[in-house]
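Only one chain is shown below, in structure tokens, and it's the form predicted on its own.
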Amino acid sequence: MAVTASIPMTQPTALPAWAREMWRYRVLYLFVLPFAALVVVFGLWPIAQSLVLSFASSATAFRLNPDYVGLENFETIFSDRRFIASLNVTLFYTAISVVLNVAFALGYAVLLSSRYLKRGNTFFRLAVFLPVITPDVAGFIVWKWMYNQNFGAVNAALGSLGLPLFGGIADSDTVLSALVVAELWKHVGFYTIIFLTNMQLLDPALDEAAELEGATAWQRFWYVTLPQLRPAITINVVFALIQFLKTFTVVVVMTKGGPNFSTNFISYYAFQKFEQASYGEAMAMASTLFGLVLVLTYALYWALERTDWR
């Protein structure tokens, strides 16, 4: 009697853990995929291309086979005194703007969330957020008109009060402060909304307990409210740092880098180089700014996450 040997069927190998996880959330990944593709095509790919072109000569940067010159473009820009001045003014302007925007936003949020400000609360919240959704160009054109030396509203108001006139954007000593105020008006509402959202998550029992223990309003804010706002502070500081390092629109509309190059931020200087067909130098400046944003953002985030908020 012949004995037929049975051949066992091969069992499929088990999927790795990461593959099982992706399969489990396959519908979510399906919806995310189009947006991820847009980020890669219109975000990461242009950044990668600009980094590559920063090592190419300006004359051949946009040819199919550009000539690469190594670090020559970076050596050129870092030997340019105007670029160093641009770097310094960008860092100074960013530091001032980040501190003021986050501080004002925190103050607005505390006032708007106060239990004593119930009537008109919605109106004030809309008012502080309205500049955020106002088109940048339109808003800054109005500010440029307000700062005008001859018929601007700012000097008209100061003159009527008998106060010294403000140099505005026509004076290199006052132009940075003028831009800081204009951008504070534009962006502070965004950071205020983030603070207000975080304040909805605060534990009122902690504040009540501190009040019962005899803590003053300032002590309750400093030791109870502020530590709970740590996530919002971190997000706002990081967002503001990225926002103001890349300052561009307000310069294009209001100052064109002047007067005397006092507002010639890196982003605008790179734009000028691009218009002059110095593509390699422009890309090197853009890459330097990109690296600066990455390094400072990570360093600031790392520092804020490790700060003792107690």
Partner chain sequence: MQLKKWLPAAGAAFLVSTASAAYAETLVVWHDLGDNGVNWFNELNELYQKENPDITIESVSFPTDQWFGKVIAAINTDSAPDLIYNNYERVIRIQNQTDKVMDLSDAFASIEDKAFLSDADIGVATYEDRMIILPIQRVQMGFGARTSWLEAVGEPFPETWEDVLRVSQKFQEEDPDGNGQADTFGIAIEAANPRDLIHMLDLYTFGTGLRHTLLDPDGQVVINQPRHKEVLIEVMKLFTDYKYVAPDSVNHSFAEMYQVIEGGRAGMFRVGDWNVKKWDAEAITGDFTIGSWPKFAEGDTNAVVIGGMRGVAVPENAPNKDASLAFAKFMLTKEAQAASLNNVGAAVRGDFEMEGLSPNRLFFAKPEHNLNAYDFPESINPAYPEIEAEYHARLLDAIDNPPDDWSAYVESLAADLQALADEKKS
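Owing to the predicted nature of the structure, the values given are computational and were not obtained by experimental measurement. Numbering follows the first chain given and starts at 1.
There is also a form predicted in complex with its partner chain; it is not shown, and the following applies to it.
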query: Listed residue (T134, S113, Q228, S172) with a non-hydrogen atom within 4.5 angstroms of its partner chain in the predicted bound form; finding: S172
query: Its partner chain: the contacting residue among L53, L241, M254, I266 in the predicted bound form [heavy atom, 4.5 Å]; finding: M254
query: Interface stretch in the predicted bound form with its partner chain - options 216 to 224, 142 to 150, 186 to 194, 105 to 113, non-hydrogen atom within 4.5 Å; finding: 142 to 150
query: W45, heavy atom within 4.5 angstroms of its partner chain in the predicted bound form; finding: no
query: 4.5 angstroms heavy atom contact with its partner chain in the predicted bound form for Q49; finding: no
query: Proximity of R119 to its partner chain in the predicted bound form, heavy atoms at 4.5 Å; finding: no
query: Partner proximity in the predicted bound form: Y68 to its partner chain, non-hydrogen atom cutoff 4.5 Å; finding: no
query: Partner contacts in the predicted bound form for 45 to 63 (non-hydrogen atom within 4.5 angstroms of its partner chain); finding: S58, A59, F62, R63
